[in-house]
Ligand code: ADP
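Here you get one chain, nothing else, as C-alpha cells; it is the form predicted alone.
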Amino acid sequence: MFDVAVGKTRERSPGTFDQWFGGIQFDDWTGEVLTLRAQNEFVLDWVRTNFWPDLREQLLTLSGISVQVSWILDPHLERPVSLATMTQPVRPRPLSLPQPEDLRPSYVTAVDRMPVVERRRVSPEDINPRFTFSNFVVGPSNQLAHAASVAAAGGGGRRYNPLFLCGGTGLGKTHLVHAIAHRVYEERPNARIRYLSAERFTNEFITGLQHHRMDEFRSKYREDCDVLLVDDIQFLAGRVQTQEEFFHTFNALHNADKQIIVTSDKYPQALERMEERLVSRFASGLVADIQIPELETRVAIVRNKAALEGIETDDDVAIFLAQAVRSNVRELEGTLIRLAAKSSLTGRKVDMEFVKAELQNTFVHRTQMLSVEDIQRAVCQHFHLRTSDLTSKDRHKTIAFARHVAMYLCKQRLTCSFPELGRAFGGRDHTTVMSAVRKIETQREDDPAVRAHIEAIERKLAVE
C-alpha cells in the first residue's frame, strides 16, 4: 500500500519528491504504524514537516487507516524509496561528488526489490552540498558576512581570524559556514576541515573524558585541523569545563594561524554565562552580523530556491511569498518547498491562486490577528519589563526606549491610528506617539544595537 501511494505521488512529482525520498527507506507497516528509516536528522525533519502530512492523507484515502509513523535514523539505507536522484543533494557532503551516471542503476525496480547502491563518502563530512557561495543570495543585510566568509575561505581580501558570524535563526549563518568548507576543500583538497556544532563539541569532549581518550580528542581539534568551523557557540553557555577545553583549542589553532569560524545568534558581548576570555577572543577578529533581509533580497532568495528545486513560479508569487515571510530565510525557503510538495501531491501549479489559498490560514491570518497587546507583551518579554511599565508615566531610560519600540512596531504592523495608539499606551497624546515612531525609525537605520533589538522582537512576533 505504501509503494502504491509513493508511486502515485512520484507520477506528479518530477524533482522535489525524488530528491528528498532518496534519503528515506520503507521498513514495515503493522496495523496503524508505518516504520520509515531516514538517512539523517536533516532528511527526517524535512520529510516529516513538508511531505508527511499530505502523504498521510493519501494513505488514509487508500487504506482507510489513520497512519502514524515511527522513524529510525540509519546513514546506510539499502532500499531508498526513490533512486531517481542518487547524488543525494540532501545528504551533507562536499564538492567533487560522483556524477549521476556513475551511481544511477540502468533500471529501477519495485520499491521492495531496489538494489543496494554504493555511495562514495568524500571528506569533509557533514557538509551540505547545496550550501555554497554560488547559491547564497547577497544583499545589504548580509554583504559584510558574505565578503568576510569568502576571504576566510581564501577567496581574496583581508582574512580575519577568528571570523564571528552572528544573527538570528534561519538567516544564513550555517549556509556561509558550509560554503567556506566547500571553497577550502575545492582549493585545498588535502586541508583538514573540522565542522561541528558546539553541542557536538561538548558531547565529544564528554566522551573523551569518560573513555580516557582526551589525547585523541585534542589531537583531532588542535593538531589535525587546518580550518575549524563551529556552529551555535552560544550552546557552550554555562559549561565551564567545555569552555576551558575550547579556550585552549582556540589558542592552539590561532597561534598556528589556522582559520577559526564561529557562529552565534548573539553578539560576543551578549553571550550569557560565557567566560570573559572567550568573549574577548571571539571579538578580537571580525564580528559580522546578518540582519533580516530586505524585500528585494527575499524575492531573490525565492527565485533562487525555485530555480535550484526546479519549481516553476512567476514573479508575482515570489513577491507575495517575500512579503508574507519577512524574518527568516529558512522559513521562507521552507514555505516554498512545502508549497511545491503540496503542488506535486495534488497536481496543481504553484500559481498565485494556489499560494494564497495555502497561506491564508497561516501567515495572513497571523498578521491579521496580531494586536497591540501582543506587541506590548513581546516587547516586555524582550526587555524583561512588565506590561504596566509601558503604559505608566515612568520615564526611566530603559522603559522609555522599550515604550518607543513598542509604539514603532505597533504602527508598522497594525492599522491603528496615532490617537488609538496613544490611548493604548496610557492615554498619551498622538504627537508623543508620532515623535516616538520617527525617533525609532531613525535609530533603526543608524544604530545596529537598536536594529538588533527590533529584529529580535520581530522574530518573536513571527512565530507567535
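From 1 onward, residues are counted along the sequence shown. None of these values were measured; they are calculated from a predicted model.
We do not show the form predicted in complex with adenosine-5'-diphosphate (ADP), though everything after this point is about it.
> In the model of the complex, does each residue in the set Phe136, Thr169 and Thr174 place a non-hydrogen atom within 4.5 angstroms of adenosine-5'-diphosphate (ADP)?
Yes, the whole trio is in contact, each within 4.5 Å by some heavy atom.
> Where does adenosine-5'-diphosphate (ADP) sit in the model of the complex: which of 269-277, 206-214, 237-245, 330-338, heavy atoms within 4.5 Å?
Of the stretches listed, the one contacting the partner is 330-338.
> Can Phe131 be called a contact residue for adenosine-5'-diphosphate (ADP) in the model of the complex at 4.5 Å between heavy atoms?
So Phe131 counts as contacting adenosine-5'-diphosphate (ADP).
> Just to confirm, Ser149 within 4.5 Å of adenosine-5'-diphosphate (ADP) in the model of the complex by heavy atoms?
Looking in the model of the complex, residue contacts with adenosine-5'-diphosphate (ADP) do not include Ser149, since no heavy atom lies within 4.5 Å.
> Mark Leu321 yes when one of its heavy atoms lies within 4.5 Å of a heavy atom of adenosine-5'-diphosphate (ADP) in the model of the complex, and no otherwise.
Taking the distances in the model of the complex, the answer for Leu321 is no, it never comes within 4.5 Å of adenosine-5'-diphosphate (ADP).
> Taking heavy atoms and a 4.5 Å cut-off, does Gln376 contact adenosine-5'-diphosphate (ADP) in the model of the complex?
Close contact is absent here: in the model of the complex, Gln376 is far from adenosine-5'-diphosphate (ADP), nothing within 4.5 Å, heavy atoms only.
> Please tell me which of Ile301, Leu228, Leu390, Val317 lies within 4.5 Å of adenosine-5'-diphosphate (ADP) in the model of the complex, judged by heavy atoms.
Result of the distance check: Ile301.
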